[in-house]
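Below you will find one chain, with nothing else, as structure tokens; this is the form predicted on its own, and questions on how it binds or moves follow later.
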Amino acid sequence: MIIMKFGGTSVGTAERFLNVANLIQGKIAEKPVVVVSAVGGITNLLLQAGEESLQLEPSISKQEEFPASLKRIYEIHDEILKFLQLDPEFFQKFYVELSEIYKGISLLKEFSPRARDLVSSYGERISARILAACLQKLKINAQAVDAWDAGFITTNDFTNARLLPDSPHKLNEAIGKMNFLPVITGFIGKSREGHITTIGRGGSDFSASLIGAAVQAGIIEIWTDVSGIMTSDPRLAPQAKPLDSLSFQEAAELSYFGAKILHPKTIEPAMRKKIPVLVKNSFKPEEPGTLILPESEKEPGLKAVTLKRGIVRVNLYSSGMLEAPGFLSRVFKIFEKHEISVDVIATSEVNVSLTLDHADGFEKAVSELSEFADVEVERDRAIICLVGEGLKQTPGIAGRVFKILGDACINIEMISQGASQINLTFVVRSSDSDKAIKLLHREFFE
């Protein structure tokens, strides 16, 4: 059994649905379980329609008074269905349901996390049914399956739900009983209480990995619009090339620190079960893609350089740190209390520097930290991360980095070498980040 996950760009048009159906047909002998995202751009439109509903008058009765984005959602799907000559009736059902939900949002003047998850779910539910219908036209016994009907049961944490501990068993049992090719909705689930949930934006990759781990798949294929994981972002480094293979640890570091090919959580379930993950290009299926394996098959060394923008750097200064046990514990308890995640950290005797993805709601944490330390917050920073097995043992890497950036007058404000020994991470101003990536890629890969 294999998992084949297709992203929004892979099913962005009617022609792309047909292309995906043909790719699946070519893998029938391997017993594929398909996981699909919404048509490209639809999730954003569904959420945008919710925001628009807040501005509408409560007495919505005519179609022209519906949110403009809902009309666009209808047009996009209607165009796909007409091209594929599919019965539009199932979509009409969803359209009526969405219309009623948006009316409710307009009446209540509230677009809650629960409502956001509910409207977001329609993108995957519609695309799964379109793809299943395309497969049926190829004489393949395929059916669309809402994730919860396959056993994908989650917590009630709307917009960021977690799979419940007994869900893998339910997934394995349910999928094992299916006598058809399932096309499962990615990104969404349902709580025990019956509420539709989502597992975070970009979560269809994560869904595929969780399902693959549950059924002990032979491989998890992530089909996207690029030919694998690259040595860097090709928009910044045009000479970037796809990597033929990576270790789980290398891929996890790259996905977390800016490589947008995979959702950052995707690798973890596959890693636990030692299931290979293959990243392929649905528009160029003949290209080999990038194979992610439990252990690297290559010689130790630098594999890629990646960039994560929108970072906030926080500096804490306190003479009370000096030989004072428990200082860091106190700092991290405050971050935990306010649900703030830390990316990178560096310390000295009287200083702690760390980075955050964002500073939303950070004011309360700053107030508490200020009770025992001087706090300096610096925005508009970027993390640059060099990733490769054995990087820590590779002589000269750090020296070359510092020289290249120093010659270009790019100041490194913070540096950290990961405990995993496979990354070298540093912080620069966002305004310097693109230039830094170009220079580093030229030095190490061109």
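Here the structure is a predicted model, which is why all the values come from computation and not from measurement. Each residue number is its position in the shown sequence, starting from 1.
Missing here is the form predicted in complex with a small molecule; even so, the following discussion is about that form.
J.: In the model of the complex, which of 32 to 40, 382 to 390, 49 to 57, 405 to 413 comes within 4.5 Å of the small molecule (heavy atoms)?
T.: It is 32 to 40 that comes within 4.5 Å of the partner.
J.: So, residue 168 and the small molecule: in the model of the complex, are they within 4.5 Å at any heavy atom pair?
T.: The answer is no: residue 168 has no heavy atom within 4.5 Å of the small molecule.
J.: Give a yes or no for residue 187: in the model of the complex, does one of its heavy atoms lie within 4.5 Å of a heavy atom belonging to the small molecule?
T.: Flag for residue 187 set to yes.
J.: Does residue 197 reach the small molecule in the model of the complex, with heavy atoms at most 4.5 Å apart?
T.: The answer is no: residue 197 has no heavy atom within 4.5 Å of the small molecule.
J.: Does residue 202 reach the small molecule in the model of the complex, with heavy atoms at most 4.5 Å apart?
T.: Residue 202: yes, in contact with the small molecule in the model of the complex.
J.: By the heavy atom within 4.5 Å rule, which residue out of 253, 124, 117, 221 makes contact with the small molecule in the model of the complex?
T.: When the small molecule is considered in the model of the complex, the option within 4.5 Å is 124.
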